[in-house]
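In the block that follows, a single chain appears as structure tokens, in the form predicted on its own.
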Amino acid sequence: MSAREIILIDEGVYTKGESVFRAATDVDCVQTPAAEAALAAAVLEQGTRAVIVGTKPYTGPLYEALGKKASTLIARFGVGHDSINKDLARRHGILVTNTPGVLDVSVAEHTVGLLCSLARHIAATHADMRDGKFAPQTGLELHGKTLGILGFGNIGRRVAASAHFGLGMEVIACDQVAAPANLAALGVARYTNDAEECFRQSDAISIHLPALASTQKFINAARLAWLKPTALLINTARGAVLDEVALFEALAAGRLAGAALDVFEREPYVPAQPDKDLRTLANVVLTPHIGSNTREANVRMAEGALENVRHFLAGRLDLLNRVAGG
């Protein structure tokens, strides 16, 4: 790269990775609004070939703006890329990358934290204390209980190890691929390809599925009915994999003891139906998609996103963490 190219970075992402972006000396990292119209206008004004974006969905103008150049890049700051319209990216010749592996530790830790919060009513009793109430609730001991992990990628494996070796839980892992060879070292007692078996035998379920056409609302009313009424459910994966109306109904009817969600069908959270608002239920813990939002993970995501940009600008497309081709 003979000249310093301008890289546009949405303002939320820039704030999270500011130390990395400000330290870059080979490119100019410029903060811009995340709103699509403003970002698209900035692309045209600056003539940029690469943008770094977060989880905000982009539906049209950004692709049209980037598509005016022959070779351009959308670099996701993070792993999930369902907010990027890959069909539009391909149509406009835009490469799309992500940063795999950089947030595994943070999301796994948040998952375990949510599980503990549900089991011991931490969020609910904290809220009571802030309201001036001293109202103890009887909790659940996780030691000896069975945790089902649906989706056994890197995050699921970290959760399994933490739950078994840290909390003394028995772990059932479920995925559609062949079992890894080192199940015992990962803390897994059983591995299955059968989601029903995993659900029926678990005292808690942790969801770690990617957002794909095949996983859209995979956790639906029929599958929730497989769970014990005393079971807990945690989703730190993607909001699209869970039917929030079905979850609300199961929780409200007492067919499920509790749920903790960090991801939602629509973000910021809006109830799927006005009368099915998960925020109104006492047995629910909700966090605003913060599983990967740690200082350490943000640095790694910023470094990973910039590395993809640098490879792209240098023409080293073989080194990209590509999720869609131009």
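For every residue, the number given is its place in the sequence shown, counted from 1. Just so we're clear, the structure is a prediction, and the values are computed from it rather than from any experiment.
Same protein, other form: the form predicted in complex with ligand 8YV, not shown, and the subject of what follows.
- Three-residue candidate spot 49, 92 and 322; no residue lies within 4.5 angstroms of ligand 8YV in the model of the complex by any non-hydrogen atom.
- In plain terms, the part of the chain that comes close to ligand 8YV in the model of the complex, with a heavy atom within 4.5 Å, is 79-87 out of 79-87, 140-148, 126-134, 220-228.
- Though ligand 8YV is absent from this view, in the model of the complex it lies within 4.5 Å of a heavy atom of just one residue from 114, 73, 103, 242, which is 103.
- The shortest heavy atom separation between residue 289 and ligand 8YV in the model of the complex is within 4.5 Å.
- Although the partner is absent here, residue 301 lies within 4.5 Å of ligand 8YV in the model of the complex, judged by heavy atoms.
- Interface membership of residue 311, defined by any non-hydrogen atom within 4.5 Å of ligand 8YV in the model of the complex, is ruled out.
- In the model of the complex, ligand 8YV sits beyond 4.5 Å of every heavy atom of residue 306.
- Along 55-73, one residue reaches a heavy atom to within 4.5 Å of ligand 8YV in the model of the complex: 55.
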